[in-house]
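Next up is one chain by itself, shown in structure tokens, the form predicted alone.
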């Protein structure tokens, strides 16, 4: 498997929705250690809105589908999560215009575009202990898989491992953006809830695309 179709993108988004809903309490509890404690609820609200409108989502193209998801998340997700996750979907959708399928190289470029948009919107950078650090690690793993002529299932598996490793590494860092940064050194030795969410989503997505033996 070397490309993703619209149907595959639908599977990925549906899986992300399931993770956001299933781990709502966990994500909020993590956020409550050094933040407002509402991250899980905010994320679940936004992704649940996608599920509620699932049948009506624009499926004329990968781009249209992602852009509609962006609109829903931005309008329905509270706090800073809405603008950030919405921007990620928006940049992904814009970058996918004119494409009927996506290669690993496309995924890398679209992920990088999403990250750039999130950085511009939220002001965070790599090393600030945010979900961007998990996304960047995952994107690098996908790039390495592409360079080795690997398959999409192998890329997703590698991305999930890389995100998990980055999440563990960042646990010891002091947060420099978001609500966690307001607690200073107290944010050390705690997980960033956004990074945990990205990791769990990638882990779930990788099970949807098993590696062929």
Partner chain sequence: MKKFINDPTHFVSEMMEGLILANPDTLRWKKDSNIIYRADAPRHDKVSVIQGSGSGHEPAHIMAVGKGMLDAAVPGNVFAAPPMDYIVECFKLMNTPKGILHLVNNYQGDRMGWDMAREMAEAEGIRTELVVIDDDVSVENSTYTVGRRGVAGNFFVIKAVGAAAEQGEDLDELVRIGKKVNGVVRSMGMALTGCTPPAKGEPIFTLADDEIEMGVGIHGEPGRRRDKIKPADQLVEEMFEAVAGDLPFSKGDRIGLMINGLGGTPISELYLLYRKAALLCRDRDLTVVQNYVGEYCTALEMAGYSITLIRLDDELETLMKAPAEIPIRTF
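Note that the coordinates shown come from a computational prediction; the quantities given were computed from them, not determined experimentally. Positions refer to the first chain, counted from 1.
There is another form of the same protein, the form predicted in complex with its partner chain; it is not shown, and what comes next is about it.
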query: Residue 99 within 4.5 Å of its partner chain in the predicted bound form, heavy atoms; finding: no
query: Distance check, residue 67 to its partner chain in the predicted bound form, heavy atom within 4.5 Å; finding: yes
query: Residue 87, heavy atom within 4.5 angstroms of its partner chain in the predicted bound form; finding: yes
query: Exercise: residue 75 in contact with its partner chain in the predicted bound form, heavy atom 4.5 Å; finding: yes
query: Stretch from 77-85, 137-145, 124-132, 102-110 whose residues place a heavy atom within 4.5 Å of its partner chain in the predicted bound form; finding: 77-85
query: Complete contact of 71, 91 and 94 with its partner chain in the predicted bound form (any heavy atom, 4.5 Å); finding: yes
